[in-house]
Ligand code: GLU
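One chain is shown next in structure tokens, namely the form predicted alone.
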Amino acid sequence: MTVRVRIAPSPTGNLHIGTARTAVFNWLFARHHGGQFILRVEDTDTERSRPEFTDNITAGLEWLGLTWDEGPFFQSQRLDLYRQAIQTLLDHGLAYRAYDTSAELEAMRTAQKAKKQAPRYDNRHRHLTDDQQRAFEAEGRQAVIRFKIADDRTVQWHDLVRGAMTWQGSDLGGDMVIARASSVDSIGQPLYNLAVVVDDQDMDITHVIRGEDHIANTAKQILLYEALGGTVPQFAHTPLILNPSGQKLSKRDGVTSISDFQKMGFTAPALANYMTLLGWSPPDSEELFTLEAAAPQFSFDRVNKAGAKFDWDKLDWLNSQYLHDRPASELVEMLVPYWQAAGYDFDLEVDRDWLTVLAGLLGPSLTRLSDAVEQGRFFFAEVMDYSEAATKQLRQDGVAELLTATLGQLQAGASLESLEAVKALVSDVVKAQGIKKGLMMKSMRAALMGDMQGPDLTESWLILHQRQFDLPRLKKAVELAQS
């Protein structure tokens, strides 16, 4: 048997981290077994589905490296297939048209609530006669098509994550709507539970891997698989992603879409790595790995049943590890968009080598790519304001003199073409002024950066000098030191 799995997002919003984590598990399982990973877009919700959300979903999957082998297939282009399946169910007496009005359904639910009963359809239109149907049609009522669910039916399956699962037909809410806006002569809009079963059968899906919030749907869908004469796939219901309070992660918790994580400065390998750990533990306990490395080890016996709490600190740590290992030539390509978005002034073609050196300097201190905006501001914009600590440093005794001496050497043509040259200039000024090196280095940091915190001063000075930013900053710092 060739393993065939699918990810089937609905384009009613951007790619959610829960959907993306489900895609990761499907991709890993397919690659582990040498199978196929299929992308199917479930866009039967015509009112809420948007092409821009489809674009966001496909772009997010590609960015994460979750390449699909077939698709994308769109349910909106397969409506005839679903209607044929519904007609088959009608022809075999497994489904029927129900003409209840909204008011009648609401009255039914109100009565059930008063009796403290679980809400369910009471199957009142299951055995309508032809005359009753024509009478409802004459009233102008539109029907839904309901699939018959026997209350005494027991639905069982072995879940690859949760083991033996059992549902009673009486707990499934009565006969299930599988199409809306239908009449005696037509079948209206097919609904999710029907469409997903038809697609899985048509696409020979062998394993359905999805979140545990679909478990109730699974029992209903198994009945549909059987009614349509198809093979029932194996199921694996993965744990939900939870917020720190133990509730399902939602938009109220802030960032939840993959594109938002991307904008925040997380790398695709780090985010994919982290999502793999949300519910699965590798057998070697290694936490830093690529998807390709995880695939041979992936199995559902190491997927937890309990929900996985989202941990920002863990994600930040993983992301920093990927950034710290990146060569400057790769890192610069990742940082340029953030610097451009911040409005920093540079010409990418002319300044690429300079930007690469800067990326190499900042890389070891980055947690997120977006950190390079704040950490890199010293190198793009002149110092407009000095921190309180920098101002205090510049106004210490002897600082104006050492800055003036340094400025003099630079104006006289001192060459700073290497780190060794910068260190030599520092040594010359320290010796000539009779000061300690610590005073020199702290004062130069305050003068060049306007702050007492930042990356390595010697490398920073060399990078600033390459764009002739150090001279005007030293002049301005001398003025402040003398004021």
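These numbers come from a predicted model, not from an experiment. Residue numbers run from 1 along the displayed sequence.
The discussion below concerns the form predicted together with ligand GLU, not included here.
Using a 4.5 Å cutoff between non-hydrogen atoms, V196 counts as a contact of ligand GLU in the predicted complex. Residue contact check for D451: none of its heavy atoms lie within 4.5 Å of ligand GLU in the predicted complex. Shown alone here, V5 lies farther than 4.5 Å from ligand GLU in the predicted complex, counting heavy atoms only. Contact annotation for E42: at least one heavy atom lies within 4.5 Å of ligand GLU in the predicted complex. In summary, the region of this chain contacting ligand GLU in the predicted complex, judged by heavy atoms within 4.5 Å and restricted to 168 to 176, 209 to 217, 391 to 399, 293 to 301, corresponds to 209 to 217.
When you look in the predicted complex, the only residue of Y96, W354, F310, Y192 with a non-hydrogen atom within 4.5 Å of ligand GLU is Y192.
Along 9 to 33, a non-hydrogen atom within 4.5 Å of ligand GLU in the predicted complex is carried by P9, S10, in order along the sequence.
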